[in-house]
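Below you'll find only one chain, the form predicted alone, shown as structure tokens.
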Amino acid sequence: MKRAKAVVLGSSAATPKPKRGLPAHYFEFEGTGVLMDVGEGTQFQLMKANIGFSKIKAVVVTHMHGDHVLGLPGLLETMSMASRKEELLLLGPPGLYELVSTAFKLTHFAPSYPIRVIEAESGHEVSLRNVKIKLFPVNHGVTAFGVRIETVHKRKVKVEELEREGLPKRFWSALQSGRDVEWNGRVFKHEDYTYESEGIKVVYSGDTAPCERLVEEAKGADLLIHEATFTEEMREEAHERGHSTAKDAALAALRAGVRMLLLTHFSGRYEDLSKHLEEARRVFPNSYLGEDLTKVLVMKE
């Protein structure tokens, strides 16, 4: 059984609220943590969620609006104060390197660990130890990305076929590692006797108005974390500002055929989010509110 978790660290849009921090979302699988967006106060939310900073192997910034990125310099400095030595990957749009390097210069700070910055114009894919991260463009009026994360797993052997062929088990690990095996005058090709097990797939919209590319990337996802800045009475304003309503998020989830929808990025004008949830569930019943410190355990055979 595969297990991953997603944690909403900040669910407010543009400005913080007493019970809602600025945008930040966390994904973890087998010790590999990916932080998506870093609004101010993200450090505190990580501590409240009992997430060790050392678990964060990559930080993804969906776009350069302040509410999504201004918590990054402080987080990087705290990691250094904790004597981090492991490399950290920063992945985001153009301007990310300048923001970080300028902050370091003006605050007289030099990190204790290597930082690798990748800036993307139209999308990017990167692999860590056991997860793949993909940035894809969304509809927000500035260079902005959604994030697709998929877990990576070792190939599995076709047990019944190998037992039927009589190949000794001492050779099975070689096949599983992608190597062909020669035994008893025959060559057993790894692609014929192994298969890739389906990983866990989580997609985060970042900030976006309705977007066909997001629906495409989210096809069959186990979890879609989608912004729902407004409800339907603000539909026109939402789209003009590059945002979505709760119904828009639900329609994306329905069309993509995802297992679960988590709504986030709520405008500060809303105290009560029950209308967001009602609006989404009319379209996609398996919708939930992603309020601060909401944790979702994603499980898959």
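The structure displayed is predicted, hence computed values, not measured ones. All residue numbers are counted from 1 along the displayed sequence.
Not on display, but discussed next: the form predicted in complex with another copy of the chain.
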{"property": "Val117, heavy atom within 4.5 angstroms of another copy of the chain in the model of the complex", "result": "no"}
{"property": "Asp222 within 4.5 Å of another copy of the chain in the model of the complex, heavy atoms", "result": "no"}
{"property": "Residue contact check: His65 to another copy of the chain in the model of the complex, 4.5 Å heavy atom", "result": "yes"}
{"property": "Interface membership of Ser122, another copy of the chain in the model of the complex, 4.5 Å heavy atom rule", "result": "no"}
{"property": "Check all three, Pro16, Phe44 and His108, heavy atom within 4.5 Å of another copy of the chain in the model of the complex", "result": "yes"}
{"property": "Residue stretch of 165-173, 198-206, 214-222, 74-82 approaching another copy of the chain in the model of the complex, non-hydrogen atom distance within 4.5 Å", "result": "74-82"}
{"property": "Contacting member of Glu161, Asp180, Asp192, Glu98, with respect to another copy of the chain in the model of the complex [4.5 Å, heavy atom]", "result": "Glu98"}
{"property": "Heavy atom within 4.5 Å of another copy of the chain in the model of the complex - residue from Leu70, Met234, Ala49, Ala256", "result": "Leu70"}
